[in-house]
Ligand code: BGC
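Heads up, the chain below is alone and in the form predicted alone; it's given as structure tokens.
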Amino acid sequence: MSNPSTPRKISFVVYFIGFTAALAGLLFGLDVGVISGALDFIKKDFLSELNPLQADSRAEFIVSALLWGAVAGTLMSGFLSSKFGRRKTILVSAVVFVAGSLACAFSPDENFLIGARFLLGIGVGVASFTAPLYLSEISPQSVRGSMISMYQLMITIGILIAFLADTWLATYATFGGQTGGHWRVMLGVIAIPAAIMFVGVLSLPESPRWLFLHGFHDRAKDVFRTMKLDETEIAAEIKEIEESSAVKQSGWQLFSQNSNFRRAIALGIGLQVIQQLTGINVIMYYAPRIFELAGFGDKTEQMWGTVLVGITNVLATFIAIAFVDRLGRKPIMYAGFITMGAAMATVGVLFNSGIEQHPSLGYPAIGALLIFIIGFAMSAGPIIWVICSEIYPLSGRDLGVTVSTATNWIVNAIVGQTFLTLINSIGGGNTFLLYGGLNVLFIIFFILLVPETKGISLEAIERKLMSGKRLREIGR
């Protein structure tokens, strides 16, 4: 690739490819966000005979079923994307999205719904693995961080759309003579954008790096030409791919034989644990409950509160897109951790100050919550995915991204399945203080172990990693 310091106009084709592939993130966000508004109505239909603690416990299973399905989807994604290609695997995820969404909408009981959400989670897991991988392999180096951040932006837009749709369907829409509470429509309508994504991805090229690794050298060059790269740039790209793929090892062979690759795997696992333990998804999955704890008892207020969370999440993601390839990954992450830690601690202190007795504290608590959202959306949300797509050698990238993404979903599921339990056992304030403290600790991890990958080619990162350099030195 040409020197990243040399400005070069990026073709519209590149952005079209990036946007279409990032639609997988939109579906990801829709499925993550929709359960927040639907959960109370599902509880009324399926869990009304249980006491509140039992109902909360079963609700956690409904939330986390999608997340455990995503673990399964991620684990099979490495094989699928390696065997059949990145593009075809994204198409598979779109089909599963459609089937899973419709199954959720027509669920006759709680157990069927849990199974349907597990199926839907498989599609989410496949997409969350393959789309960032595809984007990292097809994006020009100068805009790679921004292109992968676009995937995270689409997740936030999907969450916002889900929150808006939930609010309308929960309070205003009328179907069959009933106004509000249409959780089946909330879950089923996601089949429509999934079908649109399927059609869009049909027009995308395969990853040139995957093509080259599988012997389709001319097709790989054609993809670069489609992206309007000149012949000098194409030759540089092919040379770097040839060098990085000279060692013919599978991911598992590389893992068993090379300690440097194992270090990268450990780093990817740590990064994904950190992203989930920031506490973001307790807000995304249980936003109405948090607003209720903050003193907003009216259902309409709670639903519009979730919309405010979604809007903040979308807008703050533009900060990452604007600066990830200018300032670098680590400076933005440090700012994000400080912001998230301070905001979560503030929420915890306000909740422990007795919001029920002092309702006026609810407004600064929600304000701090929104500041936390800004901190996450501008840092850990997109940038963890960026770094995890960059740190693995090409011959082991499928396994590396599989392991790190599966870790994300496992920790995500644990967080989703324990939040209500934590609130019921140690209280809302202490739960938020716990997450606030973790964000401060994560700064140390980044200082000691995480490299700055801004402006460095994937192949250069690989050379430094495999030569034995310390993890924080494999970037700039």
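The shown structure was predicted, so the numbers you read here are calculated from the model rather than taken from an experiment. All residue numbers refer to positions in the sequence shown, first residue = 1.
Below, we turn to the form predicted in complex with this ligand, even though it does not appear here.
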| Interface residue in the predicted complex among Gln275, Gln302, Thr339, Ser107, criterion: non-hydrogen atom within 4.5 angstroms of this ligand | Gln275
| query | Of Phe97, Phe376, Phe163, Trp183, which residue is found within 4.5 angstroms of this ligand in the predicted complex when only non-hydrogen atoms are counted? | reply | Phe376
| task | From the candidate stretches 116 to 124, 346 to 354, 212 to 220, 155 to 163, select the single one in contact with this ligand in the predicted complex, where contact means a heavy atom within 4.5 Å. | result | 155 to 163
| query | Does the 4.5 Å heavy atom contact test between Ile62 and this ligand in the predicted complex come out positive? | reply | no
| query | Even though this ligand is not shown here, does Val32 get within 4.5 Å of it in the predicted complex, heavy atoms only? | reply | yes
| task | Report whether the minimum heavy atom distance between Asn408 and this ligand in the predicted complex is within 4.5 Å. | result | yes
| request: Check whether Trp385 has any heavy atom within 4.5 Å of a heavy atom of this ligand in the predicted complex, and answer yes or no. | output: yes
| field | Heavy atom within 4.5 Å of this ligand in the predicted complex - qualifying residues of 311 to 347 | value | Asn313
